[in-house]
Each structure stands twice: as C-alpha cells, then as structure tokens.
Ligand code: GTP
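Starting off, we have a lone chain in the form predicted on its own, written out as structure tokens.
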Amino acid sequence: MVERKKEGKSEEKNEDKMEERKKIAIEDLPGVGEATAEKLREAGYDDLMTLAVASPKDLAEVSGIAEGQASKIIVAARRMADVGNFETGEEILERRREISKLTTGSKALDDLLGGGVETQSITEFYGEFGSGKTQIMHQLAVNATMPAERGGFSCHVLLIDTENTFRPERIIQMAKAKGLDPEEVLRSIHVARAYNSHHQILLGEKAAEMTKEFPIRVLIVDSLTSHFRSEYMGRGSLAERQQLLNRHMHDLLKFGTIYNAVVAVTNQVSARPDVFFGDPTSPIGGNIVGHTATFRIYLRKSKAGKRIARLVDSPYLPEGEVVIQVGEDGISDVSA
C-alpha cells in the first residue's frame, strides 16, 4: 500500500512538472522576443525541452541567431525545464516510470528485452540479409497501433525507409493476424523514403514536426547505415561518415527522449573473422553506433522460419538469446 502511494505521488509529480513546462512559452525565456521566437519555431524549436537539449552551434545555424545568444537561450531553457542538473538516483527512478514497453509480438523476445522495446532508448536489430530485421520493423509498426492492454501504444508511427523495403502488403497480413483493421493501421504508419545519407539525417530532424499533427510514439529507421556505408567508402572518408552518423543517432535519441517514443533501427553486418571468433559478423558503424544504441539485438537465421535473437548489449539486462518464429502472420513465439 505504501509503495502504491509513493508511485501515485511520483506520477502526479511528473505530470505536474510536464504541465508546468507546457505552460511556459519560449517567449518567456530571457532574450527571446517575438521575432526570435518565430525563427525558433520555424526551425522546429517550439518548446522548452527541444531548446534545453539543443547545442548552441546547431541552434545558431538553423535559426540564424548568434551562437552566444543561442547559448544563453539554451541555459535559460534548461533552468526552466529543470534539466541538465545533478539528480538523485531516486529522482531518476521516478522519471523512468514514464517509460513504456512496446511488444514485439513474441513473449520470449519481450522477456529478453525486459518487457518489450523500451521508449526513450535506441534499440538496434542487426544481422545478415534475411535474418528478419525488416520483418520485426514491420511488426513493431503494426503493434504500435494496438491499445495498451495488448502491448501497443494506440499511436502513429514514423518509418524512414533507406532500402525500399517497406511493403504495405506485409502490413496488411500482420494487421489481419492481429485482428486489426488493415486500412486503419496503414493510415497510422507514415513512411518516408530516404534517398541518401543527408536526406536521411534531414528526415530524422523533421520527425518532431510530425508530432504536431499525429500522436507519434514510434520512430523506425530501416536501415540505419546503408547510405553511410555506400557513400563514404575508404579510410579517407571514415571520420566524416562517423561524424554524420553520430549526429543522426543523437537526433534519433533526442526524439525518443523528448516524446517518450520507441526508436528502433536495423543495421547491416560486415565479416571480420579476425575479431569475432566463431561468428565472423559485426554491425556496421563501429563505436559510434555501439555506444549510442541502448539495446543491441543480433539476429541470425535458423531452420523452418525460425530466427535466433541474442541480446548482446544492454545497460541493465543480462545477455541471453531466444528463438522466435517469422511467418505469414508476423513475429511470434515458436510453437511447442
């Protein structure tokens, strides 16, 4: 009973904080007049949180204001939004109660992930061609439209498609298997084809604008590294590639944090038998992707439509692996 009262109080406290942040307009920040506020809104910085987590250089570039003024605005936004300060572990635990979990369609895989794919994080699924990465992305998009009691968010989904792998026909199959209205599900999934790495980065930056029109709680990138891999080849372009990839991933993570959304990405692999003994595959992107992705799931093919999913990295969950089924109905547990 005492624990429930504490949880109720913490939830009320979090809601009160969020309401307070919403009431504060960006014009209330020192040094932000009507003209500056208009520039910031046009650039997508329309509330305290988006300003609080921005960098002075980026804010100055997109809004046309001086970098010194941008720094002052960000500091003021952080102070008013109460972010960027030291917190106790108890306060962080209270904030983490806002996190939700999206079902993958497989209870075994959900359990491996601690209850499902977590909001405010980046979950990376990587593996060879045909390992089921895109199938899982399609399934997450469908599941997100389900109500909370079924493991969904009753929300809309953004999907950045870099390899032309999105298939509405597959969505229809999966939706019917879940007893959902396929047309309604398709209307809830917003797909953008990224034609190169810069277009992909732009789509990631513009994702926040879509939240003004639709209740977006899931952002999918399939796949994360294909454009970067093909456009920046050779050691001479490695530094530039990693810098752009780092920026893109932090934009995705910022979106997940601000909007309490799931961010799920797929990644390709490359053979490196000199590093990985036994299974000579490793995800593209090196330390940039490895350090920014919160959860990393390695997928590999098995027999009769089965896939083996291994959790190889997580801040708090143990390593482990499960077997899942990829069939006409979508992602499910392996039947006994």
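The numbering used is simple: start at 1 and walk along the sequence shown. What you are looking at is a predicted structure, and each value in this text was computed from that prediction instead of being measured.
Although not depicted, the form predicted together with guanosine-5'-triphosphate (GTP) is the subject of the following passage.
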Quiz item: Among 190, 250, 170, 206, which has at least one heavy atom within 4.5 Å of guanosine-5'-triphosphate (GTP) in the model of the complex?
Solution: 170
Practice problem: Could you work out which of 98, 91, 231, 163 is the residue within 4.5 angstroms of guanosine-5'-triphosphate (GTP) in the model of the complex, going by heavy atoms? | Solution: 163
Quiz item: Is there a non-hydrogen atom of residue 217 within 4.5 angstroms of a non-hydrogen atom of guanosine-5'-triphosphate (GTP) in the model of the complex?
Solution: no
Quiz prompt | Exercise: residue 307 in contact with guanosine-5'-triphosphate (GTP) in the model of the complex, heavy atom 4.5 Å | solution = yes
Quiz item: residue 195 near guanosine-5'-triphosphate (GTP) in the model of the complex, any heavy atom under 4.5 Å?
Solution: no
Practice problem: Verify the contact flag for residue 227: yes if a non-hydrogen atom of it lies within 4.5 Å of a non-hydrogen atom of guanosine-5'-triphosphate (GTP) in the model of the complex, no if not. | Solution: no
Quiz item: Just one stretch in 145 to 153, 129 to 137, 232 to 240, 178 to 186 has heavy atoms within 4.5 Å of guanosine-5'-triphosphate (GTP) in the model of the complex, so which one is it?
Solution: 129 to 137
Exercise. Pull the contact list for 136 to 151: residues with a heavy atom within 4.5 Å of guanosine-5'-triphosphate (GTP) in the model of the complex, in sequence order.
Key: none
